[in-house]
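A single chain comes next, written as structure tokens; it is the form predicted on its own.
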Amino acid sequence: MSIDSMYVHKMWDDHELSKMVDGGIPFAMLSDAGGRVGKVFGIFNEDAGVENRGRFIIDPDGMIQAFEVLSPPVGRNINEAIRQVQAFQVIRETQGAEATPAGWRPGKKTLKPGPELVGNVWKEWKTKMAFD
């Protein structure tokens, strides 16, 4: 979603995104003309008339689980956004019985939250969770 019109989104998809992603992006781009949604999330810059780049992960209950706001010249990391969504899905599926440590990826070991883990995450990390 951006303050750009649907026509600008179409041009961007046709002339840029489709060259980076086969077939273009697999979801609709939304227009926030006037920045109404951006104002709600606190990312609309009224003076400049633009929105900062914001990513909000909202769970099925409508609760914001994570967000990242970047100034326009800084690019985003879609792989990290996907990793975080996958991590939140694990947490939701296990109803909080598992936790995903920093850098966790699907198929990697999760942690079991509890008093015995406090002060001992490093042991799990050092022996079983090193980054690939």
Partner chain sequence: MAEKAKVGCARPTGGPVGEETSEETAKETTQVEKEVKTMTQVGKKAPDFIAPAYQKGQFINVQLSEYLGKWVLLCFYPGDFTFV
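Numbering follows the first chain given and starts at 1. The term rigid core refers to the maximal set of C-alpha atoms that superpose within 1.5 Å between the two forms. Fair warning: this is a prediction, and the values are worked out from it, not measured in the lab.
Just so you know, the form predicted in complex with its partner chain exists too; it's not on screen, but the next bit is about it.
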Worksheet item: Looking at its partner chain in the model of the complex, do all three of Asp13, Ser31 and Pro60 come within 4.5 Å of it through at least one heavy atom?
Response: yes
Worksheet entry | Contact flag, Pro115 vs its partner chain in the model of the complex, heavy atom cut 4.5 Å | no
Worksheet entry | Non-hydrogen atom contact Pro72 with its partner chain in the model of the complex at 4.5 angstroms | yes
Worksheet item: Hey, in the model of the complex, is Ala99 touching its partner chain, heavy atoms inside 4.5 Å?
Response: no
Worksheet item: Looking at the partner-bound form in the model of the complex, is Arg105 within 4.5 Å of its partner chain by any heavy atom?
Response: no
Discussion item. Just to make sure I understand: among 1 to 26, which residues lie within 4.5 Å of its partner chain in the model of the complex, judging by heavy atoms?
Written reply: Met1, Ser2, Ile3, Asp4, Ser5, Met6, Tyr7, Val8, His9, Lys10, Met11, Trp12, Asp13, Asp14, Glu16, Gly23, Ile25, Pro26
Worksheet item: Gly96: with the rigid core matched between this form and the one not shown, does its Cα shift 2 Å or more?
Response: no
Item to complete: Align both forms on the core first, then report whether Lys112 has a C-alpha shift of 2 Å or more between this form and the one not shown.
Response: no
Practice prompt. Note yes or no: does the Cα of Pro73 move by 2 Å or more between this form and the one not shown after the core is superposed?
Written response: no
